[in-house]
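Shown below, as structure tokens, is a lone chain in the form predicted alone; questions about how it binds or moves come after it.
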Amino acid sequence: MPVELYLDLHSQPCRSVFIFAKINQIPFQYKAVDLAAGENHAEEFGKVSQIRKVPVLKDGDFILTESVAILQYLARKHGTPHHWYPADNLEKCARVDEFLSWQHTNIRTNGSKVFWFRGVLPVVTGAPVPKEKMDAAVEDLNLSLKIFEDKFLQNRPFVTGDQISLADLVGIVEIMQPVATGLDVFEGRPVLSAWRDRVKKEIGLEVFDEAHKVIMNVDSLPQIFENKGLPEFLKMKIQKMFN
């Protein structure tokens, strides 16, 4: 039986799970969860996941949350090529784990903040984010990208060497989040640009574009919120960002 994947492709972690399942030909049922409409806070979704976040994997009676855990579960269960999560090579596997641990509070945090500041908050508040907050967010993102280049990539084609891994997959979907708002983070970064091109080639342009179609249409956000209103959880998140 195919696994069930509860996803919203506006979400970076959901895109990584979607891409990984697609390119490794892992059978799955796509269960759409509309975050903008607050469907993750609905009673029905709460029966699937108590933490009310996506992605969620349901494999029979087994339910798993957290994208990294889901990716590792799929890799192990379906015996995907070892380069994705090289458990047969202690050091390479540790490099993947190191990046996955680091990125969550660095590239993900800073890229998400820039996405919200540039692509979401001006839409829902009707006003641009104060310049000092925007500049600080972009500066933090730039620092994370520099660390990614200098520490995790260095002169290698991919994070672990000559082959793509989960680290590269998670990295690219996170970096594409601020790109969706029109911020070209690859400009003036030849190392990062070359890495992006290699990752996209390994994933396949068709699957890559399919996964990013929704997020790259960020101009549709005003219509989304106009039609669906602003969920309470989103109002609270906006208030927290400005405190």
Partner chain sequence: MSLEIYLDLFSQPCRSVYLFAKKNNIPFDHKNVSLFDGFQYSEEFGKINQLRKLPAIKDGDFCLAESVAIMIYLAEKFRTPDHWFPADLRKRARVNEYLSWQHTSIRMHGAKIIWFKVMIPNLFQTEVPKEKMDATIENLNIALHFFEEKFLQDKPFIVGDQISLADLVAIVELIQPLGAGMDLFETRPKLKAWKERVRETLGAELFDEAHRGILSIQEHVKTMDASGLAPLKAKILKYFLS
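Note that this is a predicted model, so its numbers are computed, not measured. Numbering follows the first chain given and starts at 1.
Quick note: we don't show the form predicted together with its partner chain, though the next part is all about it.
J.: Do all of W116, K131 and Q163 end up near its partner chain in the predicted complex, with near meaning a heavy atom within 4.5 Å?
T.: No, none of W116, K131 and Q163 comes within 4.5 Å of its partner chain in the predicted complex.
J.: Taking 4.5 angstroms as the heavy atom distance cut-off, pick the stretch from 49-57, 204-212, 171-179, 186-194 that is near its partner chain in the predicted complex.
T.: Result for this chain: 49-57.
J.: With its partner chain left out of view, choose which of I63, V199, A36, I26 has a non-hydrogen atom within 4.5 angstroms of it in the predicted complex.
T.: Only one listed residue qualifies here, and that residue is I63.
J.: Though only this chain appears here, would A42 touch its partner chain in the predicted complex if you measure heavy atom gaps against 4.5 Å?
T.: Contact check for A42: no, nothing within 4.5 Å of its partner chain in the predicted complex.
J.: With the partner left out of view, is T80 within 4.5 angstroms of its partner chain in the predicted complex by any non-hydrogen atom?
T.: No - in the predicted complex, heavy atoms of T80 and its partner chain never come within 4.5 Å of each other.
J.: Although its partner chain is absent from this view, report whether W84 comes within 4.5 Å of it in the predicted complex, heavy atoms only.
T.: No, W84 stays farther than 4.5 Å from its partner chain in the predicted complex.
J.: Taking its partner chain as it sits in the predicted complex, is A32 near enough to touch it, meaning that at least one heavy atom pair lies within 4.5 angstroms?
T.: Flag for A32 set to no.
J.: Note that its partner chain is not shown here; using its position in the predicted complex, name the residues of 59-95 with a heavy atom within 4.5 Å of it, in sequence order.
T.: If the 4.5 Å heavy-atom criterion is applied to its partner chain in the predicted complex, 59-95 yields D59, D61, F62, I63, L64, T65, E66, V68, A69, Q72, Y73, R76, K77, L90, E91, A94, R95.
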